[in-house]
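In structure tokens, one chain follows: the form predicted on its own.
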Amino acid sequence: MCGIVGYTGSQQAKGILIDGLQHLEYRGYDSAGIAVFDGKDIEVVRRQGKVAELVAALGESDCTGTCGIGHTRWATHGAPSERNAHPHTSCSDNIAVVHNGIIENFNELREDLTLKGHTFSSDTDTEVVAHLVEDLYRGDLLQAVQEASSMLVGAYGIAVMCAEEPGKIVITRKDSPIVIGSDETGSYVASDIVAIVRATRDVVILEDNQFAVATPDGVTYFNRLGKPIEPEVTHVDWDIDVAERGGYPDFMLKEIHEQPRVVRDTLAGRMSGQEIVIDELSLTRQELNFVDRVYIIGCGTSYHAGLIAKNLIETWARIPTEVEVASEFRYRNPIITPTTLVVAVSQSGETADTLAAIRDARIRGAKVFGITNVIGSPVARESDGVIYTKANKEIAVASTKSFIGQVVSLTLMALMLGRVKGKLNLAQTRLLFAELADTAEQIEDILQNTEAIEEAARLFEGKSSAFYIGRDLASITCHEGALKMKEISYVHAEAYPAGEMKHGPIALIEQGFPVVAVATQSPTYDKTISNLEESKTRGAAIIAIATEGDTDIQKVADQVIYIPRVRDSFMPITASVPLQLLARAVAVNRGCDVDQPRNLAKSVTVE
């Protein structure tokens, strides 16, 4: 959510800032802007809409200079508009600020600054930072930002420049990611590595309440007390072309096709001597054996991955497991003891609600394990251990390959807990791991045969709602499929356990109403077919995800999408792929932007 870029050095800043903003577009935003020091003044250009609108507004002579900051905004305080777009400036226009996060006490600060004579020109919480720094400025920008940050309540990643200190950008953060790097031409700052990886692969991930001063000659770092520090440098080893489409029409399709690799990479080295190996979980086998309760917390797609894991952990390890929406978990009083394991699932590793929940859990004495896709992310740093899902950078807003990586990682954890608890023997574990690994090839088979998916997408033409139904793990898989349909095609899709259809939802079915069913071979297959027949007789258009070789389902389904036969425990991995492709096909048919759906951001870094 939102994006920050900054550069100071020997090159013209404008092009670097625009390039960085374009690489941050996947995060979701409603406006964009840049501020560049031209040698005399800070020139600001902002536009509502896409970065392309900003580029169109910039003339050849606009924003010339070698030091600047830029931003893509996703509205929180203040409607999407040019006046609310970043960067924001102070009364004198000598201070310019870009900010991610939410300043919770901005109203009180704004009232105090107004009494002091400051005049505000936007409705945002961010503008108070510019005026506050201006109010505190006494010739030392770093000191003014340090004093200002001590007065801020909330989450923030901030980059500030001042006309009176040319070539300098001061950066700080609290609960909002910031990365910093340098090359031979100057220094870079961004809210996401993807914005600066073309300049440098060695970056510093700024920690909470740390400060950095970027100049053309390099970057100096300070702790919360203002003392110089030597930060840890992280080397980025994923391919640069991960952020390019690679010949695909959109990032979403590219990332769906990367899922077999994600499965293989996530499983690589995880089976040794017939034992599941998760060295990153800094708990001994004895400590794991004492675990008597598991909480899995996540939001959106990550929550659905947790629901699948609950089924597997309770089946294989017989440990009571609860799955909680992170935003709810932190506001109630869960039963947590030192023998509780809390598993935090977050694609970005920076989801605000998930971070707050794991902090609360650690205070209560629980061990916290993170599953994330981003090396060095806040979830990774604040957990006792972490599995990286090896999905590499995911650009499309709708999570696909990260979801598969999360499910595979959680499945590994369930297998390990089953072994530790003595509920799975070596032979069972080895067989299950081999079958889990086979899902990579099964996904490849699904991706080679998509004609039925394209046909199924046509059944959504002119439709504004749909049901997704299944039983047991199929029902959970349906929740993720329905979310994808809502996210990118704007079709109102709801998922239900198939047996619940008669308890209300079936009243909505009319002629041609799409009903998507995950009806693979399982102990509940016959009952699912019965539910489909009930929907069919009321006029529903049935789209079924079914097991190869099942010809009986053709009697009730209007369109069948076949997937390879797989153990029911691993069915959510393979069945999710055609559901992702179906959502994308419907969205494309409706003319939707599948990579950047409206109103959504890649990661939610505010509450």
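All residue numbers are counted from 1 along the displayed sequence. Bear in mind the structure is a predicted one, so any value in this text is a computation, not a measurement.
What comes next is about the form predicted in complex with a small molecule, which is not displayed.
Residue (of T520, T72, S191, S346) lying close to the small molecule in the predicted bound form, criterion heavy atoms within 4.5 Å: Of T520, T72, S191, S346, the residue with a heavy atom within 4.5 Å of the small molecule in the predicted bound form is S346.
One residue of A391, V407, V128, A398 in contact with the small molecule, assessed in the predicted bound form (non-hydrogen atom, 4.5 angstroms): Checking each option against the small molecule in the predicted bound form, the one that comes within 4.5 Å is A398.
Partner-proximal stretch of 101-109, 414-422, 481-489, 168-176 relative to the small molecule in the predicted bound form, 4.5 angstroms, heavy atom: Selected stretch: 481-489.
The small molecule contact at T321 in the predicted bound form, heavy atom, 4.5 Å: No.
Any non-hydrogen atom of G300 within 4.5 angstroms of the small molecule in the predicted bound form: Output for G300 is yes: heavy atoms within 4.5 Å of the small molecule.
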